[in-house]
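Presented below, as structure tokens, is a lone chain in the form predicted alone.
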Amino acid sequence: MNSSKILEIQNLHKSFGDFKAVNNISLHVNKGDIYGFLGPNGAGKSTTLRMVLGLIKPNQGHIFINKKNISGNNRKFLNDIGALIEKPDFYKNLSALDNLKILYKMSNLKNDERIFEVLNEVDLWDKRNQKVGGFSQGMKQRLGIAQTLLHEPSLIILDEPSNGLDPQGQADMRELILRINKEMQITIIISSHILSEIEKIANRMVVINNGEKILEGNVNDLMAKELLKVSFKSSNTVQLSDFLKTENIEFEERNENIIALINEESIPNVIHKITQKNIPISEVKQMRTLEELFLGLTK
């Protein structure tokens, strides 16, 4: 097994009655990854993560965390993992500080300075004495992440961390996740349906659908393999259309723009040819996103 793998899943199966929730999934997460775990609702994401956390047992297959097989009743592997599955739940009538103190005592931790450190790490130190009932959704999510960091894990699992947040809250959450990954050197798995979020922060990802793995790999590599939608704005769409036809490039006219399907590596060459032919171009914009790749794979 590769020494850089912090999590490896081999041929995982889980059925509930006749329903196959997870069907022969294998994947791995490297140390240092921000790993996107993608799939539509009901794809098997939560079931897989619950098996990783030992909350449910697989029918078949193996899960290794830091090269240790987690099958059986030994729960020591959980010392290496922090998790925020579904929405964080706290005592609303208690402060952020008091909530973390309770979790700290329940976890039998020894360094109480850690409570103050994690509040700082998630930018909640100034709100530490405020009752959680008055927290915004974004503040609750950050307190949930503080909870996952209390025992200094090497891997944290975040289930829909941007759920219910406004665009600014999503940007703040992205920044926090990147900081935890880079500065604290913690590997992060993010299960999300907000695909643009994964595209912005993940370096590797897996897409699953109907309990089966569709693909896994480096985000940039997966994106580069696909044809990109490129939008051209031109004052002479007829001339541009004629050029694209001679180059056998598929395109469609949309309002005042022409949307062409071009392989990423070919884009500079196509633009060079357009300028050589003096076709007026006022704007070139990449449109293809991870969302389109995802929808194409799971439709």
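One-based numbering along the sequence shown. Everything numeric here is computed off the predicted structure, so don't read it as measured data.
There is another form of the same protein, the form predicted in complex with a small molecule; it is not shown, and what comes next is about it.
Colleague: Out of 236-244, 57-65, 258-266, 33-41, where are the residues with a heavy atom within 4.5 Å of the small molecule in the predicted complex?
Modeller: Selected stretch: 33-41.
Colleague: With the partner left out of view, is His28 within 4.5 angstroms of the small molecule in the predicted complex by any non-hydrogen atom?
Modeller: Contact check for His28: no, nothing within 4.5 Å of the small molecule in the predicted complex.
Colleague: Whether Ile9 contacts the small molecule in the predicted complex should be assessed with a 4.5 Å heavy atom distance threshold; does it?
Modeller: Although the small molecule is absent here, Ile9 would stay clear of it in the predicted complex, with no heavy atoms inside 4.5 Å.
Colleague: Within a 4.5 Å heavy atom cut-off, is Ala21 in contact with the small molecule in the predicted complex?
Modeller: Yes, Ala21 sits close enough to the small molecule in the predicted complex that at least one of its heavy atoms falls within 4.5 Å.
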